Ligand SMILES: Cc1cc2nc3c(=O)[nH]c(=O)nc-3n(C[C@H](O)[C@H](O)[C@H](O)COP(=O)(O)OP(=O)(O)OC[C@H]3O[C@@H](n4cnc5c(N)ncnc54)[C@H](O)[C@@H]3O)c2cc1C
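Let's start with one chain on its own, the form predicted alone, as C-alpha cells.
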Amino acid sequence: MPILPHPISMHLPAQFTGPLPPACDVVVIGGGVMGVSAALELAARGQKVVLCEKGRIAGEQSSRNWGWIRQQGRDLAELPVMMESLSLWAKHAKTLPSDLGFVQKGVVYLALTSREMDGFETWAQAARAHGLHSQLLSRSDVAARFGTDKWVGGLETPSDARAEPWRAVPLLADYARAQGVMLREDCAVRCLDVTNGAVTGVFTEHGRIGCNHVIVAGGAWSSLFLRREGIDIPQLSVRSSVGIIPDQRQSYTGNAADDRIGFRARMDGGTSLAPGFSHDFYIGPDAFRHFGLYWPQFIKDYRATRLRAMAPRGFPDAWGTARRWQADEVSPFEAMRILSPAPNTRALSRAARDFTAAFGGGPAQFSHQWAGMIDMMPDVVPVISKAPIAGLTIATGLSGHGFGIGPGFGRVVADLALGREVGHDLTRFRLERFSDGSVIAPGPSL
C-alpha cells in the first residue's frame, strides 16, 4: 500500500465491496479506527461481524488526525485504556505485514509560561499513580532537544508514539478482513430495526441485515443517527486543520506542541504541522440545544475556539440537514459520504510563520493542507456505553483522542457489547451521566 500524502477521500476507489449477508451476529456502524478495532476484536471472539461504512474506511477523522498515540495529557479515567491501546498498537506494528509508520519517540508539550509548567507538573504527578513515567523538562532540556530557547520548559512522555493515520487504519481493516470481518464501503446504515425494545437488525441503503448487536461508532455522525432512534447525546463537532511541510527542519523527531503549533516528523521525510490545539466551531441547531452543557468547556478553552456562523450544507449539524427519515428513504449519510471540510488556511499560515520563527530556515510552505471534523463531548471524554435499546452499544465522542486510543477502546467495546468483563472502570464514559444529575466536568486541556 503506497504512502498517501493526504487523507483518504471518495476519489479513492472502494476497496471493500460485495453483497451483504442476510444476517450476522454484530453490525458495526463506522469504518474509522474505533469501528475497525472493535470489529477486529469481535472476530477474535468468534463473532460474525459486518462493518458498514457510508464512504471510505478511515475517510474522515481517522485519516485526518495528527497521528499521535499519546498517553500524555489524557483524562485520568482514559489513561488505563490508553496504556492498553499503546500496547495494542505495538502489537499491530509487529503483526501486520506492512509498515504502519509506528514510531515510539515520545510526546513533548512545550510551555511558553510558568503557569503552563505548573499544569504539566500537576498532571504528571497524578499520572504517576497509574505507573506512567512522564518527566518535566527545563528550559535547557528543551533547548537541547529542539535547538532553540523559545520555550521555558516542557513535559515529556518518552513511551508515547505515532503512526501514519492514512496507512494504519486501512491496514487494520485489511487485517480484519483476513480475520473474517465483512467490511463494506459505500454502505450507509440508515436506521435500526428494533422489535420490543431490542435490536433485531439494521436497514442499510442496500437492504436489511439481521443481527443481535449493533455498535455505533460513527464519529461526527453518531449523534444524528442516534437521535433518529430516540437517543439524544450532546455531541458536537469542531474543525481541526493540518498541513504538510515537505522538510524536517526541527532537530526533534518525536511529537510536540505548544498553544500555537503542533508538529511531528513524517515517514516520508516531511513534517505534519497544525495550529496547536485551536479549532473552529460551527454554530448549528444542536449547538443551541446543548449550549448549557458546553459552556464550562468554552469558558475554559475560549482562546482556542473560533466561532463560525453556520456549518456547510450537508454537515451533521447544518441547519438544513434532515433529522428524520424512513428506512426506505435516502439518509443524510448517503448525501455526504465523507465529511471533508475546507482547511482554515489563515490558521495554518499563522502556524507556518510560528514554526519558521521557532526553527529558522526559509518561510515554511505547505505542500498539502486539509481539515477534519472532531466529534466532541462537553467533558472531553467519549460515550462508551450500553444504550437504552437492548443490543445497542455506543462508542463515540472521542474528542480528538480517538486515533491513539482506538484499539484500546475497540477491545473494551467488543467485550461491552457481548456482556463480558471489560477490565476498566467505564463510569466516566456512561451515557447516563448527561441525564442523572452528574456534574459535567471537562477533562484536561493539555
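Treat the numbers as computed from the prediction; the structure is a model and nothing was measured. Residues carry their position along the shown sequence, with the first being 1.
The same protein also has a form predicted together with this ligand, omitted here; what follows describes it.
Would you say all of Glu116, Phe120 and Ser134 touch this ligand in the predicted complex, counting a heavy atom within 4.5 Å as a touch? No, because Glu116, Phe120 and Ser134 lack any heavy atom that approaches this ligand to within 4.5 Å in the predicted complex.
Only one of 144-152, 234-242, 304-312, 194-202 gets a heavy atom within 4.5 Å of this ligand in the predicted complex; which is it? Contact criterion met by 234-242 only.
Would you classify Trp221 as touching this ligand in the predicted complex, given a 4.5 Å non-hydrogen atom cut-off? Flag for Trp221 set to yes.
Is there a heavy atom of Val81 no more than 4.5 Å from a heavy atom of this ligand in the predicted complex? Flag for Val81 set to no.
Can you work out whether Tyr252 and this ligand are in contact in the predicted complex, taking contact to mean some heavy atom pair no more than 4.5 Å apart? Looking in the predicted complex, residue contacts with this ligand do not include Tyr252, since no heavy atom lies within 4.5 Å.
Since only the chain is shown here, I'm wondering whether Ala414 would be in contact with this ligand in the predicted complex (any heavy atom pair within 4.5 Å). Outside the cut-off, so no.
Among the candidates Leu398, Ile394, Leu40, Val26, the residue which, in the predicted complex, approaches this ligand to within 4.5 Å (heavy atoms): Comparing distances to this ligand in the predicted complex, the residue within 4.5 Å is Leu398.
Select from the listed residues His368, Arg337, His130, Arg208 the one whose heavy atoms reach within 4.5 Å of this ligand in the predicted complex. Residue within 4.5 Å of the partner: Arg337.
Quick one: which residues from 169-192 get a non-hydrogen atom within 4.5 Å of this ligand in the predicted complex? Result: Cys187, Ala188, Val189.
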